[in-house]
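A single chain, nothing else alongside it, follows as structure tokens in the form predicted on its own.
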Amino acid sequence: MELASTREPAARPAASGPEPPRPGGSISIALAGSGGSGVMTAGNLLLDAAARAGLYGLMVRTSGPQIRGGEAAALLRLATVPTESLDDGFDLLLALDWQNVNRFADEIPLRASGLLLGDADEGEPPPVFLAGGARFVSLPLKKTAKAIRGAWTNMVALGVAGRLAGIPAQALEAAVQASWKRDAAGLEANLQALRAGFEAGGAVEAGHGAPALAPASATQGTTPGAAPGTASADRWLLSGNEGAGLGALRGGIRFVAAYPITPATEMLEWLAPALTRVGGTLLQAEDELASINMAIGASFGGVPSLTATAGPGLSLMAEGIGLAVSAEVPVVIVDVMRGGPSTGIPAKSEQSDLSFAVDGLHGDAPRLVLAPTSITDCVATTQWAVELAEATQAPAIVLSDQFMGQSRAIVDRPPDPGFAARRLVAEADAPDFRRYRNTESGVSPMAIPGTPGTVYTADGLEKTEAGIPSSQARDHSLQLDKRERKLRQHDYGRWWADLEGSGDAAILTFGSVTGVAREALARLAAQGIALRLVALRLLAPALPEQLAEALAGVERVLVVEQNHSAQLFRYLRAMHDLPGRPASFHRPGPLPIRPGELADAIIEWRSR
């Protein structure tokens, strides 16, 4: 077995030398500061302003393990083309204060041509950011804000960053005005702060040749700040958690029970009012055990149901998910993965729940496991998960992650593929009704409680076709085969994976690393290196025939993922006959895999 494993984080960019080719124009900006300093607010406003200026963009949130307080940073990449990944380095780091900012040294690699902006009156800038050749420019951010009664430092910073990114002042001011929820005097004070920062940014630009992105043409129609579900928007500002919530609603979810946990909480916060508007209900349970069982109970009652959690919560739900398998009750579980094991690193991303999702239940317990391939795809994949769960009467686990869930992006409006909950329901007084009848498809009509003539017991015990508890070998084998067969035989169509590119070598991914792979392959294509990309959306059940067809003519594959033990690689090797000598590129979080890092690894892999 050939193994191209990278266990160490990517090296910091070289201090000098040519920049690698990058598709389209983009600029990478980091806003950092202590918790509560307003860096996330400034980052969101900068992204909003970029949308108003006709740009695409991505903002990634990162903070310390304490979740609230401590250090925080908003990592932005603004571009003239859609972008799904952070770049290899940053052009600009603007620090509102120096408190613990050096903890981001590995996450914010400044290019040799980059700028470090901060307030020298607050202390010396951390040398680690200047080691690669970046220049330091001192700005009196706090003094500027204090000179304007009621103004905030982060609004000064927003003006500086916006100017250096090439965003028009009108777009920045419109973003602030649209988000303002306080008094008019406060708004005017902070608009003054924004203008002061914008002017200071101009001075930096003139004096230091800041690498600003060319001003956007604003020719591509946008509805800035449009929320998911806004019908008139051509582009949306969307996070993966919001997208998953929207997909759940589109699919037909009308009951949610969950316990808040980072990084899944924003999905629940978005769903709470949205569900109410469509007549649904969201209930905050006392813990994850109650959450999954409430969702199962509501679904048993005929209402498509969902719960959302992160790794520790998913493990607590294991017995409940097994109950849904045995009782054949459809339910959707969205797992927004974070660094593990145990409580791990709550505010950082990793793809390390895969093995648990596909294998982590006791007994033979077939279930559906899906993974969106982008922030936009969180909508369609969650929507599809609802349809699959209802159609097969099985639990469906949707594997998102912190990078995808909490990041916000400017995206083209996600299409509605039309996935919807359609459950096979028993009719009243159906003759010889047997809830767990061994049908050819494995799916048997599910009676809604109260339907005359269809009384049955649904629990975790093995059972006869009529639902009577049984310990007989025949009943056990029959029901095991029925539950496995209904998932294996289902027609999943073309949605099981995204198939892109051509060539005799293929890259296999899932989840948020797919965006990184797309950019890496685009860079390699610009160098004349053609590769296929297979981004798996349906991870379980495995589809050997479909994957073999997708890899027809491929002589070798490289599996790319972000975890320590190559979970996807091992899973694929167990379930599929991969061509050639399959190899793996994997490393754990919390540092994201970068496109340049992956492109280099692919070139090395091809040379072996």
Partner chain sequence: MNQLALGEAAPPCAPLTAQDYKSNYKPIWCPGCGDYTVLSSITKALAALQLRPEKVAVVSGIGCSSRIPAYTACYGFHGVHGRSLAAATGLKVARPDLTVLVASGDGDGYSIGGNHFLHACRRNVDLTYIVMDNHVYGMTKGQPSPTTEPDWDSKLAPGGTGLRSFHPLVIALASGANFVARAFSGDPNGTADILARAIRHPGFSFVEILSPCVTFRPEQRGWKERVHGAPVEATDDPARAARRIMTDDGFNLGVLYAGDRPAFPGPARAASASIADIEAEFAP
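Positions refer to the first chain, counted from 1. Predicted model, so just to flag it, every value in this text is computed and none were measured.
As for the form predicted in complex with its partner chain, it is not shown, yet the points below apply to it.
- The listed set Ala30, Leu568, Leu58, Ala51 contains one residue whose heavy atoms approach its partner chain in the predicted complex to within 4.5 Å, identified as Ala51.
- A heavy atom within 4.5 Å of its partner chain in the predicted complex is found for one listed residue only; from Pro127, Gly123, Pro449, Gly363, this is Pro449.
- For Tyr456, a non-hydrogen atom is located within 4.5 Å of its partner chain in the predicted complex, even though that partner is not displayed.
- By the criterion of a heavy atom within 4.5 Å, Phe104 is excluded from the residues contacting its partner chain in the predicted complex.
- The shortest heavy atom separation between Arg488 and its partner chain in the predicted complex exceeds 4.5 Å.
- Its partner chain is not drawn, but in the predicted complex it has a heavy atom within 4.5 Å of Gly279.
- In the predicted complex, no residue of the candidate spot (Val336, Gly344 and Phe419) has a heavy atom lying within 4.5 Å of its partner chain.
- The stretch that touches its partner chain in the predicted complex, counting heavy atoms within 4.5 Å, is 249-257, out of 532-540, 249-257, 197-205, 136-144.
- Along 312-337, these residues reach a heavy atom to within 4.5 Å of its partner chain in the predicted complex: Glu319, Leu323.
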